[in-house]
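There is one chain below, alone, in structure tokens, taken in the form predicted alone.
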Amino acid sequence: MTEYDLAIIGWGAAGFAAAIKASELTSNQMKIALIGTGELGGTCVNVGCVPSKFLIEASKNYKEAKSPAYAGITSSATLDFSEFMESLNQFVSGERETKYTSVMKNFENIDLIEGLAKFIDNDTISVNNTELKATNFIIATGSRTFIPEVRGLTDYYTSDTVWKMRKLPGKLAVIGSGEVALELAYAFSNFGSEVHIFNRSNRILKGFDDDVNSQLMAALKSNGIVFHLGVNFYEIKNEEGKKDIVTWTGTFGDFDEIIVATGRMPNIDGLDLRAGGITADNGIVVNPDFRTTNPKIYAAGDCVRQSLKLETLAGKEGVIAVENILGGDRRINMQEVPWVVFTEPNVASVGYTEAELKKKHIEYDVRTVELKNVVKANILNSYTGIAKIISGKDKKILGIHVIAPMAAEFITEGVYLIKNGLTYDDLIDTIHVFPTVAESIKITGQAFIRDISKMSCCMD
């Protein structure tokens, strides 16, 4: 039986981050097994963040080339969708080689083991019918697309498989209205597909306040996306290469393709967690230090029972799990974790929402500034959007929520403000670059102390 200091099950973001951090902290002396299946790097680099953002940026480039935003500029563009998708997959392969395959060559103490792991007891697993024992384990098996039970739903793409598509659908149905669904819908609408979003819920994006959601819906509708929310659908009919979605209120038909993006579920089937003394309930149950109910075993990333499923969060959790195994006592404050929807405009958020504060009966103050008050947004011809700051009664910033171009690039300012317990006075006192969309955060801070309609540019 082979024995390791640390066995990591899963070689996605959390698993790789854990393996590298464990090596760094022990000067490459820790004997580590990194176990997984499929392509190295897991969801993010292969079928998640990397290809989806490549798709979005290319689609924006195509749309802007066909319809320039400024007077006096004319242009034209053509699209070979098959060639584009081939280039996307080549890019993904290159990033996987650079960020994962090549990186592993630097760590001789890490054994890559391809196969499915299954717990035999509290410190032993079986991989490829071979037993492996470790002093500690980290489970980092990630997640997969949840597929709802709908009669006739047999021919469809998911966010994991859409990268195999080679023909642009003329009419596309997206089932789901979370961030993945909206990003894919946005990209395909840019390419020229007629996109319809279906969801049983009567709202989009869990975790955002209604004012942010309404702004995003308005922007996506202006991009041509049709929403069917609060719709109970019970059958998909496939006839002559076309697909009809049958709902209780009517039938919507002639779709060329369907993308199912109804959320993700943890990849924990087959691990036999009970044999390892591990409790799971819609994900692996962990303490704040990411220790499971078996003190020798930790878990990190999408396989954990938590609402946010982010590549950056998974990597951070993998690192903290290792540090705690080695004697640390670290936690993650989820109110300091930023997350973004990469539509255009971006939706970016960190900290509490109004709904969360009301539920906790915490008193707060809030200011919201429309994007038309931001000079750089006007330069970009981007008028849909808001910046919103929520503060406590002590002026400390509790939440920042922005729907604006490039919001993903500057939401980290909000992270620093919240992480360091800063106030809107501190924000106002910080000089920002003009003109930038990021200035929207400072202007919103200034709205706490004055009427911004009576304020000149660069007012402090």
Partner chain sequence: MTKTIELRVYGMTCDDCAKHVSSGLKNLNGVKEVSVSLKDGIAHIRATDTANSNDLIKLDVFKGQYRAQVRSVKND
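Here the structure is a predicted model, which is why all the values come from computation and not from measurement. Numbering follows the first chain given and starts at 1.
Just so it is clear, the following notes concern the form predicted together with its partner chain, a form of the same protein that is not shown.
Legend entry - Candidate stretches 319-327, 177-185, 353-361, 159-167 - the one whose heavy atoms come within 4.5 Å of its partner chain in the predicted complex: Within 4.5 Å of the partner lies stretch 319-327.
Inset, instruction - Name the residue from S193, N346, N136, S143 that puts a heavy atom within 4.5 Å of its partner chain in the predicted complex. - result: Checking each option against its partner chain in the predicted complex, the one that comes within 4.5 Å is N136.
Inset, instruction - Heavy atom within 4.5 Å of its partner chain in the predicted complex: which of M30, L55, I35, L417 fits that? Just give me the one. - result: Of the listed residues, the single hit is M30.
Inset, instruction - Indicate whether its partner chain has at least one heavy atom within 4.5 Å of a heavy atom of L25 in the predicted complex. - result: Yes, contact at 4.5 Å.
Legend entry - Residues within 4.5 Å of its partner chain in the predicted complex, restricted to 1-17 and counted by heavy atom: If the 4.5 Å heavy-atom criterion is applied to its partner chain in the predicted complex, 1-17 yields only D5.
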